[in-house]
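Just one chain follows, in the form predicted on its own, and it is written as structure tokens.
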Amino acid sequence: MGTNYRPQPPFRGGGTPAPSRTADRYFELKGEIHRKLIGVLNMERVSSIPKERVRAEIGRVVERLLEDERVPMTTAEQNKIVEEVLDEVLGLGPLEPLLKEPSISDILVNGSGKVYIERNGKLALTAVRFRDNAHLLHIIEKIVSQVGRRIDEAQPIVDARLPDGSRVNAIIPPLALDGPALSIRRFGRHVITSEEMLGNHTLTQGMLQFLAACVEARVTVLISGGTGSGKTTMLNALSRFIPEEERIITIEDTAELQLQQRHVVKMETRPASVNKEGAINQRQLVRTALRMRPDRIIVGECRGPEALDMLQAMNTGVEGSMSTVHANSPRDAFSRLEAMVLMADLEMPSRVVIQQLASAIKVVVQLSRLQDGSRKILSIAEVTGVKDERIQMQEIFTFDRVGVTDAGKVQGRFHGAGVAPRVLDRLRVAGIKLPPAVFEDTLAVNL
């Protein structure tokens, strides 16, 4: 190798890496250090060895290798390569710098050469890359093995999670044509507070008061929105208003909810094994939850026939339960739930399903991620009944968009409908009184 070798610059959140012989040699050098490290350390015990001892071993391997190859490298550059090899051994390799940045909400890997991030609702290409697709596949296998799952040609799609709760989805060839693809939705330890949501203009004080009262009074709330609109975040935030003494059971495909109450039982589905055996779906877990004396059942997301069991639970005593659904409007949310209930294949007439949906769900919260990356409640609607086999709703609060500022920020106004919702009677029975001014609350955003 010539004397012009320099390692790649550290991640700075953007830019497109230019492939070169220098970059390839850098990956090769790290690979050699990794291989030599395996020779001097028992890799099965490395996770139990203090990190500083592993760092010292890596440092010695780096020094010897650089001396052997006569590579000119400063102390800072040596320290950087030690850190990267340490990430490779103990962490997730090139992804570690991204995972350490709390401002990053999504990490999207499209093959070994393209890694995108989302920060503040905006996507950006980074300078991070993997050595090759085999390197990326190794990192994916490392992630899924931590939760007792596997990924290979026989099972090329997998959902998993990181220790901090972040959600992981991976797909590999032959289904992924351009190499392995990895998506990480970050869920850090910090649970966003109501104050932060108010500060971010996700909702107004009046909307928060109304939703908090509904949760406390055991009114069933459905949270609707598109991908990345903040449904899980909203569900976490609203769960804070569930009384501490209640027994809560959560059901999810991949555990993401971070409820703060003491009496919580968390359940997670399980995919089938390679032999197509042992799968446990959400519907089975909902049925199990009903035998566990729940005060509330929270389904992270309704996406299949389990909607029927959830609906039955809501109508037979487990009031105040909550769930989320992918939909673009409150009306679309009910259409999707109706289709999911019919997937249970019980030959239930559509009009009966609609009646049960209207009886079970009282409030729908519609969320959206806007073009400037902000997340807002666009509508809070109340179910008022059924007419001509259609669920009737009235909006209680709305966010109206009116334009975009020169800086790209969405302009709009939150406003209440000024109409007292029917659910107020339910709140009064629960001993909760809301002043009429709550439903006339207005707030201008970026106007």
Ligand SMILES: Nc1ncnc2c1ncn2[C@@H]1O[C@H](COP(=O)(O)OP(=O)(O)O)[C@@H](O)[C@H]1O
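Note that residue numbering begins at 1 and tracks the sequence as displayed. Here, rigid core means the biggest group of C-alpha atoms that superpose within 1.5 Å across both forms. Quick caveat: nothing in here was measured; it's all calculated off a predicted structure.
One more form of this protein should be noted, the form predicted in complex with the ligand, which is absent from this view; the next part is about it.
This chain is displayed alone, yet in the predicted complex one of 156, 121, 304, 91 has a heavy atom within 4.5 Å of the ligand; that residue is 121. Taking 202, 254, 282, 239 one by one, only a single residue has any non-hydrogen atom within 4.5 Å of the ligand in the predicted complex, and it is 202. By the criterion of a heavy atom within 4.5 Å, residue 226 is counted among the residues contacting the ligand in the predicted complex.
A residue is said to contact a partner when one of its heavy atoms sits within 4.5 Å of a partner heavy atom; residue 107 fails this definition for the ligand in the predicted complex, lying far away. In the predicted complex, none of the heavy atoms of residue 218 sits within 4.5 Å of a heavy atom of the ligand. Residue 192 belongs to the set of residues with a heavy atom inside 4.5 Å of the ligand in the predicted complex.
Note that among 113-121, 357-365, 338-346, 158-166, the stretch whose heavy atoms approach the ligand to within 4.5 Å in the predicted complex is 113-121. Along 373-408, a single residue, 375, places a heavy atom within 4.5 Å of the ligand in the predicted complex. Taking the rigid core as fixed, one finds a CA shift for residue 119 of 2 Å or more between the shown form and the other one. Panel note: the distance between the CA atoms of residue 259 and residue 121 is smaller in the predicted complex than in this form, the difference being 3 Å or more. Panel note: the distance between the CA atoms of residue 258 and residue 121 is smaller in the predicted complex than in this form, the difference being 3 Å or more.
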